[in-house]
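Next up: a single chain in structure tokens, the form predicted on its own.
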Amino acid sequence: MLIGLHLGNGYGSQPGAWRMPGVDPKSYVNFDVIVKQAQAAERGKLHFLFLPDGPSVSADVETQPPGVNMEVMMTLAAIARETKRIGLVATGSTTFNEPYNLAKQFKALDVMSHGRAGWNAVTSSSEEVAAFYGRNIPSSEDRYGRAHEMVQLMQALWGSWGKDAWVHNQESGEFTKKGQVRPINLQGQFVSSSGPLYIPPSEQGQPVIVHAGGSPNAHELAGRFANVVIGSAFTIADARAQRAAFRAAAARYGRDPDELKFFAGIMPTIAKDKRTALDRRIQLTKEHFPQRVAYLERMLGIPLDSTRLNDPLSPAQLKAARPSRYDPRSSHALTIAQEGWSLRDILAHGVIDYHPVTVGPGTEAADHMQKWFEAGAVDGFWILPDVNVDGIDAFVEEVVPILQARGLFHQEYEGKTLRENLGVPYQYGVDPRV
């Protein structure tokens, strides 16, 4: 299986991560902390780091750090200098970026990292985000129309410096072969560029295309261009269906479906036993229990009392509970409740987190990953540790060796580039099949 790591804001995936013992409260701006976390992931032979991006729209910055990294491209540039094999994937919105600027940034990162860069090409969909740019959100049709043009234009720019153009012959004075660095002169409905982009190819040619999303529009964009899909699924059946939909889209565009790798998220809390892990998650999330109880009420369709967190649900409540058909997490939440856990512990199981949660020893996460992988639901996982400062090391030291011993995860990197390590083909410029 393939494994990536979500780095985010440097603290962890849980809201209280920044306040945990041993955490540098200035991690948000401390490149040394982020680099150390990246090196820990590389020590575990993880395939890539994933940094989401976009303006933070949290209104709670008085008590919580922004949800994303301070500046993803500068962060990955710092990481590139201190690592050798792990992939470097960052988000760049197709809605609020100009293609030439974005193409230049990602190809420069790819060259300086010797072929380890990936671009998470996504559209923006929030009016709150649009307000940061002084604009309104375009229609879905226009957002995805622009996204399709952006990817094509950026790939054309990446290939505008001919693959074999750079000779840099000091004796003859020939820097590039004549006529092999050429304008692209592309004009679409939404974006255009004359080009060329004055950056030669990296060892993998150009950055890998990643996409995060699950809508029919996402299927088409990823099926046409992406090698990696960052998905969100709460059951094996759902993940299997999502993976099949993306693979079918790739086939429609004349691509080999095996070139597209589907990743599901997992949020592990690793501790010596389940009770210790639950207590850790309680410490991380207790400030948010009132809101989470209210949300759990809606998921189960029954009234819950936030003043009785230490009590399990009563037999009458369990009998009346009906999982919401609008929330795929609801059935799992009811299953945990039926096991007799207190209301506090039900929430600590992560039943309303935005990816499946495992709590307990490393075998809990390894078993979950093995079950999903062997069921054909995923090609890999992206890991969202609860607290980065010790959660990454715990995954690397406890989960990775189990997966390796079971023959599910590689012992060493397959190559030097992200494409080699993911098992996706070399590409330079636009894909002639699409």
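Bear in mind that the values here come from a model prediction, so they are computed numbers and not experimental data. Numbers follow the displayed sequence, beginning with 1.
Only in words, not in the display: the form predicted in complex with a further copy of the same chain, which the text now covers.
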Going by a heavy atom distance of 4.5 Å, is residue 358 a contact of a further copy of the same chain in the predicted complex? no
a further copy of the same chain contact at residue 341 in the predicted complex, heavy atom, 4.5 Å: no
Closest heavy atom of residue 168 to a further copy of the same chain in the predicted complex, within 4.5 Å or not? yes
Just to confirm, residue 237 within 4.5 Å of a further copy of the same chain in the predicted complex by heavy atoms? no
Residue within 4.5 Å of a further copy of the same chain in the predicted complex by heavy atom, from 141, 98, 305, 311, is 98
Sole residue of 200, 188, 301, 290 within 4.5 Å of a further copy of the same chain in the predicted complex, by heavy atom: 200
Residues 174, 179 and 193 are flagged as a possible site; in the predicted complex, is every one of them within 4.5 Å of a further copy of the same chain by some non-hydrogen atom? yes
What stretch, of 262 to 270, 275 to 283, 209 to 217, 179 to 187, brings heavy atoms to within 4.5 Å of a further copy of the same chain in the predicted complex? 179 to 187
Taking only heavy atoms into account, state which residues of 96 to 124 are within 4.5 Å of a further copy of the same chain in the predicted complex, ordered by sequence. 96, 97, 98, 100, 101, 104, 105, 108, 109, 111, 112
